[in-house]
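Before any questions on how it binds or moves, here is one chain, the form predicted on its own, in structure tokens.
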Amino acid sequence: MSMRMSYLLTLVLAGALSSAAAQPAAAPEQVARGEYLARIGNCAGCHTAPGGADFAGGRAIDSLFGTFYAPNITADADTGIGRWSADDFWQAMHNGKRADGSAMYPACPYPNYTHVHREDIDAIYAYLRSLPPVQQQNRAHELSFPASARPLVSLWQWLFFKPGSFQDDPSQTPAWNRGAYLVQGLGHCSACHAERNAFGVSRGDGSAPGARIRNWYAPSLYSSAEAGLQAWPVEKGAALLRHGKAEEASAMGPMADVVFQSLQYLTEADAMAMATYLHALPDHDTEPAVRLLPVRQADLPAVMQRGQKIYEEHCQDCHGRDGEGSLAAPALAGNRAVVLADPTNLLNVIRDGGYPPSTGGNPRPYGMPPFGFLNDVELAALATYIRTSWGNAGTPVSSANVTRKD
């Protein structure tokens, strides 16, 4: 092969690559903004596997349709998005289309990201491209039919997804509009806090319950009896978002991970904006998330007696004789997390323990030790006692409602 032919072949091969590789480096301030926005979107929460390289994918995401595996979004040319242009990345985040034009599964919350402004998407793209590329092959999803048929995702998008763009509401304050933009868009709060229908579409009506996430219940944001902030001062809501702790309330389970990985990095202004918007949401009674199997009325006294005995032996020293709480432990009396219609979170905390996230505003959080030695009958009895004592009006929990994690 002549030198001229070799040169031409090199040009052809180089031209076959996306123009992304030839783009000039982004300005430092755009990269810094992209890092902040990627944290708000908690991109690493899905795209970083436990013990894996940042953004290299591989994390398993369970769903009703099977297991999705998050892809590599580092700048690696062969296994990541190194050959994607800024337009390709915008197409994915705004329209739910991969660089090859195929439809993306909505396990990626692009139904929320579609509301994010182009300049913010470009900043996230600049940040991801500034990071070291990691070569790690993407793992195929493990889905049941018909979800496994990727061409049907285009039909799903035609039926259930419409690209959009956030528009300020001129009747609202700048803080409300900023909060709405963050909550509805990058924060993608509805992706976890709203029940999905049989087609995997988040229900938009405020009466819908929350959703199950990693064997936890993500309570509704439209109910002050669940996770809604309607009855809270805005400052208290902002503190919970940033610190994972606000007076008697703590973030636990998957929400503790969200605060640790994402929300603790909010600026004070953005935390206040999100809390302002959440505070203003309509306050609705929600549908029951589960239907509890009843405890027979004749059995309830014995269940309560067993639960009280366990409480006095293992819980009273920290949580108080009457559930009033202490410096080391929250009050259980009047605690809305305790009396949720779905008792999953209470059962998880008793059995497996847990800690709020360690954040700048709560650097040494007090934790709950696990009581995994309790069997299902004892666990249900203790939960029943806590949910129905000291003025709490929760529903008794049958041992048949105790769900063991694998």
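For every residue, the number given is its place in the sequence shown, counted from 1. Everything numeric here is computed off the predicted structure, so don't read it as measured data.
Just so it is clear, the following notes concern the form predicted in complex with a small molecule, a form of the same protein that is not shown.
- Figure note: of the listed segments 297-305, 279-287, 92-100, 158-166, the one touching the small molecule in the predicted bound form, with heavy atoms no more than 4.5 Å away, is 92-100.
- Residue in contact with the small molecule in the predicted bound form (any heavy atom within 4.5 Å), chosen from Met255, Leu131, Ala123, Val234: Met255.
- Judged against the small molecule in the predicted bound form with a 4.5 angstroms heavy atom cut-off, the residues Phe65, Ala180 and Ala208 are out of contact without exception.
- The closest heavy atom approach of Ala333 to the small molecule in the predicted bound form falls outside 4.5 Å.
- In the predicted bound form, at least one heavy atom of Tyr113 sits within 4.5 Å of the small molecule.
- For the chain shown alone, His314 is a contact residue for the small molecule in the predicted bound form, at least one non-hydrogen atom being within 4.5 angstroms.
- The small molecule is not drawn, but in the predicted bound form it has no heavy atom within 4.5 Å of Ala32.
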